[in-house]
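The chain that follows stands alone, in the form predicted on its own, written as structure tokens.
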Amino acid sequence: MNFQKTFFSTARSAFYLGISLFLCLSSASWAQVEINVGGAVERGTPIAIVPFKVLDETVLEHQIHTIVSNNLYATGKFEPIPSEKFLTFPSRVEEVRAKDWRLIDARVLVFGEIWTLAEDRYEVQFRMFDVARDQQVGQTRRIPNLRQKDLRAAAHLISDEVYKAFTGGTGAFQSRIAFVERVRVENQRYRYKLMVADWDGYDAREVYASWNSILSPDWSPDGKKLAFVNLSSKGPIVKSLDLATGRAENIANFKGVNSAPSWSPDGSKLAYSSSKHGSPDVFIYDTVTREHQRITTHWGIDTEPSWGPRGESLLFTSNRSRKPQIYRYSLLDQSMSRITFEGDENANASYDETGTNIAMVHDGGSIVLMNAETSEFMWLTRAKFDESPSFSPNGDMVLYMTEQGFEPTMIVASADGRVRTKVEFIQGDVREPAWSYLRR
């Protein structure tokens, strides 16, 4: 039997979580990440992103227009037009002829220039153009004093500006992801690394490492800390890592299984699951008082807590109805209710930023979004080995893990299910992706 496949199928089930945390996780597959655009079912807003004009002979490491194109496409709201169809390549507003862009059905136009200020110092100017109205949108934007390595960050900023201008929403392209990488070292041992990267997987860097498995990273709202689980010889420990200092603090190191940390929206509390009293229950740790409050008391397994968008409630997975289902606990009146009834199993649930939709793993392998008010399901995927769904900070995309050809694959899907952006693995093996809040 393929252990990797067995691990993927059991790890997503809350019923087996208490056991799976003690399993040898070394056979699960891991790696670095890089965005590779996939295909859409329907069409987003046609947008032409013109290669930015470089005003000297400088060879740039990062092509801004390509990054912006990939970013906007991943949301499902835009469909970049291939540059082979462009009739002209403007860099200034006076060079734009709207009829040329109407001929190729472009509704939005983005273009600009890159100025060299000094050695490894650049300024990017960009403009947005509404083809239907034949006019520039807003003013010319300037991003000064950039180094080569900053150009990618500038592309993410431009993407956010375009997204806001033409959708009215907030972009998520300056956010980050966390994931765990496993690397084989001397004597056939494995080293586990907690990594952070740009939302598209670029510029991944190690922030914590251990000879024991690392699980379930979760970002604090200010992006300054990561909570995670680190296995030890005595069992799983919930830790909090300060990204600035690299200092890791034990949060839950009780006898038994400690798992599934989740930061509250204000960053003052950390929910987690622990079997310190027997079967796993949900607890809340107050980072100010350092007190642990027990939230659930049941013979079943209560795990995978996740906060409501205003910190007023907790979702969690429980098998108190014999199979894993999602329950909601109100911190306002201490009431509890089961919220999922469709299918045999539902697990690993989390809200989007508005509380409108809940992402979860359905029947052991599909990712679904459930409307929080109507309980209506929308299938984001229909697979056997999908897990770890994580909303983008604006709720417009979902990051998750799947399996293709017995190899794990990271996917970013638009929340409407129209576009899937595949994350290609370059070296090593990764898993456990988690999307951050927006940078502050």
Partner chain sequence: MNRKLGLILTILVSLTLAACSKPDESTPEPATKAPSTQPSSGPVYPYSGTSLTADELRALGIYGDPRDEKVVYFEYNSTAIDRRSQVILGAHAYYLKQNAGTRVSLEGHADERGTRDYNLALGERRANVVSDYLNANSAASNNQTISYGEERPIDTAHTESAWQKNRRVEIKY
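Residue numbers count along the first chain shown, from 1. Not measured: the values here are computed from a predicted model.
If you look for the form predicted together with its partner chain, you will not find it shown, but the lines that follow are about it.
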item	value
Its partner chain contact at Ser91 in the predicted bound form, heavy atom, 4.5 Å	no
4.5 angstroms heavy atom contact with its partner chain in the predicted bound form for Asn348	yes
Interface membership of Thr303, its partner chain in the predicted bound form, 4.5 Å heavy atom rule	yes
Asn253, heavy atom within 4.5 angstroms of its partner chain in the predicted bound form	no
Stretch in contact, per heavy atom within 4.5 angstroms of its partner chain in the predicted bound form, of 277-285, 107-115, 167-175, 202-210	277-285
Check all three, His62, Leu151 and Asp396, heavy atom within 4.5 Å of its partner chain in the predicted bound form	no
Answer option from Ser366, Asn319, Ser264, Ser313, heavy atom within 4.5 Å of its partner chain in the predicted bound form	Asn319
Heavy atom within 4.5 Å of its partner chain in the predicted bound form - the one residue of Arg97, His292, Arg338, Lys323 that qualifies	Lys323
Neighbours of its partner chain in the predicted bound form among 226-262 [non-hydrogen atom within 4.5 angstroms]	Val229, Leu231, Ser232, Ser233, Lys234, Gly235, Pro236, Gly256, Val257, Ser259, Ala260
